[in-house]
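One chain is shown next in structure tokens, namely the form predicted on its own.
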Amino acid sequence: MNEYTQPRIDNRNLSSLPDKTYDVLIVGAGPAGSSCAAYLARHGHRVLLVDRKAFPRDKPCGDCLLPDAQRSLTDLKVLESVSRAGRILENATVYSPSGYSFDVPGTYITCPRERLDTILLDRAIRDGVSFAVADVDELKVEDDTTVAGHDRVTGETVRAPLAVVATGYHASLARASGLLQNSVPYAIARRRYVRSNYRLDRMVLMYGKRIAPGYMWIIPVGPELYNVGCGVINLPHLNTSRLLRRAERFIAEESEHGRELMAHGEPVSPVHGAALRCQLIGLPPVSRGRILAVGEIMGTTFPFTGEGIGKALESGRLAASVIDRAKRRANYRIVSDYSAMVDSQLRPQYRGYIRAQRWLTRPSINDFLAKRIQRSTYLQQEFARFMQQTGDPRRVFALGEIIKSYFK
């Protein structure tokens, strides 16, 4: 396998752009924004993609790409580059609060977000997208044909008939654009990178009684490089900061893999935190007039797994398809179809994950299910299909399926 070389991004500002008017303006160059931009450019549209930070830039994440993300990366023609930039793992091990464990074989690609996002942005630029560094703090509908984006750093304004908000967990622009109704995050996560000689060839997911409702992970993302983190649901009665600190101590002091990892290595990054928006809640109007939302700002992250890159990429593709149709028919009312597309094509996939989270955030049920999966080939297969996203989580997290496992 060839060694990974990170693409070089021309981090221009808006003042250096020859044009200030485009077919589509996209704010946020993460996976959702870059995928939306790339698809639109491939259909011949003039797209300006902006991000408030210069690239390469980091973003707190678990760095794991499940099969839905892999399918989108294949479609975008970057899967090989992403695989070269990270690692391909063939197994994951899940530990229950009392230490019961089971393996989940599959194909998992891990890649640090600094690399992933740069690869996706480079792909969009090579497809014909214009990119600039800009902190767009306002999207203003000027008239029936124009949305104006204002950069508060340079004072420049760019215009397009349509705009897309793809700002991840940063909510200010979505809120100012009238899209965001609930800015309280669904969950909070933290992670840091650790470089270690400890050999771990799989993802490790751990649940603990003292950090419920939450879980921890150790994910290999490169040669001797590991993403170590934890996340908890942001419930009103919980002190999430305290739970996250407990989780970090648990990984370093009580988990076997965590102790060995730290005994043979050291942290190489600070602890970074992020808010997570999950299960498509908090943003009912995914489009308002000529402005659409894609990615995590609309809640594309799955509950239970915390994986959101795949659905963020998919939301970018859906938005691009409806924008392309609207522009080709010269009928911008068509963009209102986007909400229905999200409801019909994305929302149903979240129902099983919601049920999975309800089960696994209760330590006693988590332990019972882990023991049952240990002993049941049927449940092992169903859980593996669930993690590979070829099966419905409700095939594992349902009383009838548990009873069935005793006879299969």
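Start at 1 and count along the sequence shown; that's the residue number. Quantities reported herein were computed from a predicted structural model and do not represent experimental measurements.
One more form of this protein, predicted together with a small molecule, exists but is not displayed; see below.
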### Query
Is G316 close enough to touch the small molecule in the predicted complex, meaning at least one heavy atom pair within 4.5 Å?
no
### Task
Spell out, yes or no, whether the shortest heavy atom distance between R190 and the small molecule in the predicted complex is within 4.5 Å.
yes
### Distance check, L139 to the small molecule in the predicted complex, heavy atom within 4.5 Å
no
### Query
Does the small molecule get within 4.5 angstroms of any non-hydrogen atom of R113 in the predicted complex?
yes
### Message
Check for me whether the small molecule, as it appears in the predicted complex, comes within 4.5 angstroms of all of L173, I309 and A312 - heavy atoms only.
### Response
yes
### Summary
Given 340-348, 40-48, 359-367, 26-34, the stretch touching the small molecule in the predicted complex at heavy atoms within 4.5 Å is 26-34
### Query
Just one of D122, D324, D135, D75 has a heavy atom within 4.5 Å of the small molecule in the predicted complex. Which one?
D135
### Residue (of S177, T118, S81, T167) lying close to the small molecule in the predicted complex, criterion heavy atoms within 4.5 Å
T167
